[in-house]
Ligand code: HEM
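Form predicted alone, single chain, as structure tokens, below.
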């Protein structure tokens, strides 16, 4: 019994340690090693073939490389389906994701060797370009998920998005009350700031974090400061400063989330387009064979 309990404890400990390892390093860089070995073998095969002209997509070695590349692309594209059915063990989601990344990167070499370095205006080159686009966006996705979550957590300060909006709403209520004694010009600045949509700026604003038409910043810039005895103006200025800071937190949150997600709007459609281009590529090859 003691031995069984000890074995179970060791297995649980190993599982916990594996959970804290990045998917890139999963199982001591297993899939990086597999991808590297596969790439080296296929590259040496291409280099050592004594054939003129050099192997291209229409040679026997080109067909071999094309078949390997096609099978890899189809298998790697199944990750989206795999995410909906998470299971532990040898083919856990982390293991699959690690294979997806490293074998996906190996396609840059496999696909290039398959072309025989022959590029033209045809469906074959289209499939190759789409493959590179999928890989590049995937690399961006790896960078985003490796670096941005820490910034997202730091910016949140233990607040949810709802908490941030509620904090802004509380400031707005105080600001609306504090602005009552102001003159017409100053009140209009505050009203414009309160009336502006928090989420204005669209996709470009979220990605760049630039909001040149921010009414709150405009109100701060044009609010008189330093006049003695003007308690209402000082209070409004302080509240506008707090509002600008709170808006900054919300906008940083939106920007980081957008940077985390934007690559998927290219990566997934490009993957679908790649599969369609590969189908056309294969059909045309066998049609003209």
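Computed from a prediction, not measured in an experiment: that's the story for all the values here. Numbering follows the first chain given and starts at 1.
Form predicted in complex with ligand HEM: not shown, discussed below.
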- Message: When the contact criterion is heavy atoms within 4.5 Å, does residue 77 count as touching ligand HEM in the predicted bound form?
- Response: yes
- Query: Does at least one non-hydrogen atom of residue 139 fall within 4.5 angstroms of ligand HEM in the predicted bound form?
  - Reply: yes
- Partner proximity in the predicted bound form: residue 214 to ligand HEM, non-hydrogen atom cutoff 4.5 Å: no
- Message: Against ligand HEM in the predicted bound form, would residue 264 count as a contact residue? Criterion: heavy atoms within 4.5 Å.
- Response: yes
- Query: Of 101, 164, 189, 178, which one comes within 4.5 Å of ligand HEM in the predicted bound form, counting heavy atoms only?
  - Reply: 101
- Query: Which listed residue (107, 171, 194, 182) meets the criterion of a heavy atom within 4.5 Å of ligand HEM in the predicted bound form?
  - Reply: 107
- Tell me the stretch among 195-203, 131-139, 215-223, 117-125 that has any heavy atom within 4.5 angstroms of ligand HEM in the predicted bound form. 131-139
- From first to last in sequence, which residues of 264-286 have any non-hydrogen atom within 4.5 angstroms of ligand HEM in the predicted bound form? 264, 267, 268, 271, 274
